[in-house]
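Take a look at this single chain in structure tokens; it is the form predicted on its own.
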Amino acid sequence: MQLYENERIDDLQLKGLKIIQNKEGFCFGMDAVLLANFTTFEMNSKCVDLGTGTGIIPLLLWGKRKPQSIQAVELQPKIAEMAHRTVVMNKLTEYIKIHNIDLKQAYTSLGMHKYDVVTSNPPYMPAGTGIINPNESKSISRHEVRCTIEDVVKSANNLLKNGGSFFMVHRPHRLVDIIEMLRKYKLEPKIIRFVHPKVGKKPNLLLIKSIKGAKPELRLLDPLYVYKDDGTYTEEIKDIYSSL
């Protein structure tokens, strides 16, 4: 498999799967791993991952649950091409397709209202807030430069069947924005789990599941704690990573 400057191959320790990453670009983090672990579906499901980046979420979903197919959408051409090489390297082109398209128009290429599951690990920060990374790829991945929460949620609605599920990881301080947009586009929030660095610290991530066309009834799961007081991973985090 051809590698370009600053690229490396990482072993995911999951059914022999490997991923190409660029150390100068945006590499996947724990949020992607937690989202993949949080996402549930039947084995014959058709899935879409919006803003797939390196393709980590499709790889983990296939390795853990083997959906029928995963359409992975990525705006940035170089990252999409790298994700495609990862799929080829893992001999998964029959199951995972990388689409170098804007998620706002994903339904025009992938079709409307035909998918069981949509996942997304979108940019967390509104445009114009915080420090914008001078690396364009990283800034697009972290800030809402090319898409907003509304764009992501609207796209999920366009792609999902009625009764389909949308799973997303985001920041707790955007929760009001997230719920407002989910309900605007008929995606009813059903499950939320807050992720805390450790006991006694405020959450810095949230995992949320919504269902298209469902009736209101929100369930809060027990918090997920990442680190123990001694700085090592909690048993639950170890279990999540050991299942990779």
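Counting begins at 1, following the sequence as shown. Quick caveat: nothing in here was measured; it's all calculated off a predicted structure.
The form predicted together with another copy of the chain is left out here; the points below concern that form.
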query	finding
Interface stretch in the predicted complex with another copy of the chain - options 48 to 56, 176 to 184, 29 to 37, 63 to 71, non-hydrogen atom within 4.5 Å	176 to 184
Interface membership of Gly200, another copy of the chain in the predicted complex, 4.5 Å heavy atom rule	yes
Met43, heavy atom within 4.5 angstroms of another copy of the chain in the predicted complex	no
Distance check, Asp222 to another copy of the chain in the predicted complex, heavy atom within 4.5 Å	yes
Partner proximity in the predicted complex: Pro216 to another copy of the chain, non-hydrogen atom cutoff 4.5 Å	yes
